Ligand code: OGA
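In structure tokens, the next block holds one chain alone, the form predicted alone.
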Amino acid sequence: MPAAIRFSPLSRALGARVSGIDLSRPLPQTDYEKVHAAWMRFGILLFRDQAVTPEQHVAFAQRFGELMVYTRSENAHSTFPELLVLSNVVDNGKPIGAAISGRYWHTDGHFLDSPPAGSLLHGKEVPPEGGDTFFASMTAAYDALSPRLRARIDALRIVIDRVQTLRYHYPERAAPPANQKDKWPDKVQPLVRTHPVTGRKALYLGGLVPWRIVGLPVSRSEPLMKALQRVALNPRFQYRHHWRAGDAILWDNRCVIHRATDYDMARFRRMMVRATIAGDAAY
């Protein structure tokens, strides 16, 4: 008889560990409903000791929605293009995936018309130290704001400028070409996002870049953004995950931001595989 499904909180702000689920097996509808409800409640779900094939990884992620691809094709899995490979492994002189990715606070696909709803990341091979992932609840951050500030920002919109992002995240790199905006047009997103399933509101900051707020001069926009970012990244809203081989984490990209941390890539191998679940336009 299969074990009962249990959910154990990972932190006070967000996250739960799921026991009684084997991701390599088809998930009955009643169990899926329990897992989905927990995902909506906790924001991130951790499944320990999972040995899944790429096909099983895709099959489980697809239970939560259609999968999407918006990253570079050279970092895709060789057989399953729906899967993104995050790894420092080099095979026959060629990297098998992206060695460095997301080492700053961000919302995946914040610059898209319809950003991802979530992701399922599986740690197949992890370093013994470093390479942790931080998650932060933007629902908890929004709830911590004063009623007056919430009323002030609820209808505001921000300009997601990917060219601006490069200067903040990679200051050591050469400046982007003058026509980069043609390839990466600006995207306007709500500053506060309403979750399409739970109806709860969350800050939709997409990281630490001081995005321009539509309708406000920079002298007012930038201080407000920085103030909101300070609240959003308060440690009490965070969970830090120390990866073990076989861990899989499902996170809700609509109300959770995350960042990766460094590890010694010269000494340790790392192999992570991610499926991305398609979402809707933010509102």
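For every residue, the number given is its place in the sequence shown, counted from 1. Keep in mind that what you see is a predicted model, and the values were worked out from it rather than measured.
The protein also exists as the form predicted in complex with this ligand; that form is not presented, and the subsequent description refers to it.
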Any idea which of 215 to 223, 60 to 68, 251 to 259, 29 to 37 reaches within 4.5 Å of this ligand in the predicted complex, heavy atoms considered?
-> 251 to 259
Candidate spot R157, L191 and A282, all three in 4.5 Å heavy atom range of this ligand in the predicted complex?
-> no
Classify H106 as contacting or not contacting this ligand in the predicted complex by the rule of any non-hydrogen atom within 4.5 angstroms, answering yes or no.
-> yes
Is there a heavy atom of L83 no more than 4.5 Å from a heavy atom of this ligand in the predicted complex?
-> no
Residue contact check: P210 to this ligand in the predicted complex, 4.5 Å heavy atom = no
Check whether P176 has any heavy atom within 4.5 Å of a heavy atom of this ligand in the predicted complex, and answer yes or no.
-> no
Of N88, T165, T133, N75, the one that lies within 4.5 Å of this ligand in the predicted complex (heavy atoms) = T133
